[in-house]
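Presented as structure tokens, the chain that follows is alone, the form predicted alone.
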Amino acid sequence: MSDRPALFSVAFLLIAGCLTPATRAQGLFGHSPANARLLSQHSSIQPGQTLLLGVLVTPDEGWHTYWINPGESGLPTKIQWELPAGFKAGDIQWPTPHVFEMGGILGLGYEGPALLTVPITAPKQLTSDAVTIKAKVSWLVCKEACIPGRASLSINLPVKDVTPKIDPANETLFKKTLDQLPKPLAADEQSVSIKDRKLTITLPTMALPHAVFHASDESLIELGSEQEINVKGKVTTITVALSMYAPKTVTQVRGVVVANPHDKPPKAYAVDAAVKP
């Protein structure tokens, strides 16, 4: 990983120096133009099963939070879990991001509430009647400037040895979020190759003439760089030059292909494939 992303993030925070000292301190140590909540898809925990929790980050109107790859600047939202003994947390399931521009700098993220879902697996043996799950969440929210925020969140759920019921208070939010997650692709639905410092993604089962690829690794390609889309029948190929900061050897490519960025909500497909030799 190059130092470019970190340098851009620091530089962008320095651009935020147009804020008054009082406003900067408020964002760093107190109020932020965003709030966070810890929610559960289900109303209880069953021993040995996986439940879905979500951190809902809601920025004030006009502000943005960031995807796992924030783009040319910014920082992704981070979740540090404090789990009871035996519990395990999976990776964040990132909603499909959109591209936005601030002062000529391109970012990837969310304008409005974003529910970051995470699978949590409970141990097979639970002796308590209820468990408390805690999370420390940090984010960067940007408008004309950027302000860091953080929150310590917790949720208490009863333990029941029955199939958990969906919490009606959160049902619509979780369903909408899960429906809009990038669709995983099977091995025969994706392939990636690199030649002459150009990345080519092939999707052999779908025609996507308006597609765009966003890499999870912020150093792999430049956000906003030209992407060549070629559609023949139901086969789509996306070719884009690697960033000057990309590793000399790339063995795995992860990211999302957005079918049409102008659709609301856009359809997207999760790319996760080894680079063909």
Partner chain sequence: MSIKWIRNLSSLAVLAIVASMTPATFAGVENGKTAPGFELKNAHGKTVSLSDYKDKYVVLEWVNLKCPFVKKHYGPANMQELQKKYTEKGVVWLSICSSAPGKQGHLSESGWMQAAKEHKMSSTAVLLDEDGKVGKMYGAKTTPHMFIIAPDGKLIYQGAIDSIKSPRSSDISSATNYVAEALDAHMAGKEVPNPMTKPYGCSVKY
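All of these numbers come straight from a predicted model, not from anything done at the bench. Residue numbers count along the first chain shown, from 1.
The discussion below concerns the form predicted in complex with the partner chain, not included here.
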The partner chain in the model of the complex: contacting segment from 126-134, 202-210, 184-192, 85-93, heavy atom within 4.5 Å: 202-210
4.5 Å heavy atom contact, residue 62 to the partner chain in the model of the complex: no
Partner contact for residue 153 in the model of the complex: the partner chain, 4.5 angstroms, heavy atom: no
The partner chain contact at residue 177 in the model of the complex, heavy atom, 4.5 Å: no
Residue contact check: residue 224 to the partner chain in the model of the complex, 4.5 Å heavy atom: yes
Sole residue of 219, 44, 41, 35 within 4.5 Å of the partner chain in the model of the complex, by heavy atom: 219
157, 118, 173, 75 - the one with a heavy atom within 4.5 Å of the partner chain in the model of the complex: 75
Partner contacts for 235-252, taking the partner chain in the model of the complex and a 4.5 Å heavy atom cut-off: 244, 245
